[in-house]
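First, one chain by itself: the form predicted on its own, in structure tokens.
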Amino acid sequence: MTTIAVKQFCKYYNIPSSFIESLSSVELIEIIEIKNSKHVRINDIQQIEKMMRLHYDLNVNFEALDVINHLTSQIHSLQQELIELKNKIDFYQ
């Protein structure tokens, strides 16, 4: 599991660490404690960037970010299911 320190991430993106903590409080990401330092997973960076754009560019609050994330996840699952069903139909035709 590769991580990056929250301080380093926030410095690079010029955002307050409270933003990352707020994402964690609504369970959009997980903060990992390593040697008394807060870290986020490298795999979560794309998700964090998306949430940053929504929050800072469109003024979307954290509760709405949670809803958007949930709905996006559902859409992705339904798209995957649709692909699988189309493949089954193609197989039987």
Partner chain sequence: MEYVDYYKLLGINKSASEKEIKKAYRKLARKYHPDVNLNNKEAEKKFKQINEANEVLSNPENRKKYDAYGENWQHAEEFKKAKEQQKQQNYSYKGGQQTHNPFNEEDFSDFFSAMFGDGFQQKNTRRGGFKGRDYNAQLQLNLTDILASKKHTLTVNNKNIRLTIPAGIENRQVIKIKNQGEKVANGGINGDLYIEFNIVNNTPFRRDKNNLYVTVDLDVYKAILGGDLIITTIDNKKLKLQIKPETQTDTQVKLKGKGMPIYKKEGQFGDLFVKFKIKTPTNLTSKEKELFTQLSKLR
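Positions refer to the first chain, counted from 1. We call the rigid core the largest set of C-alpha positions that still match within 1.5 Å between the two forms. Bear in mind that the values here come from a model prediction, so they are computed numbers and not experimental data.
Keep in mind that the form predicted together with its partner chain is missing from the display, and what follows is about it.
Establish, in the predicted bound form, whether Glu49, Asp57 and Ile75 all lie within 4.5 Å of its partner chain, using non-hydrogen atoms for the distance.
So, yes: the whole triplet contacts its partner chain.
Mark Gln8 yes when one of its heavy atoms lies within 4.5 Å of a heavy atom of its partner chain in the predicted bound form, and no otherwise.
Gln8: no contact with its partner chain in the predicted bound form.
Could you tell me if Gln79 has a non-hydrogen atom within 4.5 Å of its partner chain in the predicted bound form?
Flag for Gln79 set to yes.
Should Ile68 be classed as touching its partner chain in the predicted bound form when contacts are defined as heavy atoms within 4.5 Å?
Judged by the heavy-atom cut-off of 4.5 Å, Ile68 is in contact with its partner chain in the predicted bound form.
Spell out, yes or no, whether the shortest heavy atom distance between Glu84 and its partner chain in the predicted bound form is within 4.5 Å.
Heavy-atom contact with its partner chain at 4.5 Å: present for Glu84.
Could you pull out the residues of 6 to 26 that have any heavy atom within 4.5 Å of its partner chain in the predicted bound form?
Heavy-atom contacts to its partner chain in the predicted bound form: Tyr12, Tyr13, Asn14, Ile15.
Core-aligned, does Lys86 move its Cα 2 Å or more between the shown form and the other one?
Lys86: C-alpha displaced by 2 Å or more between the shown form and the other one.
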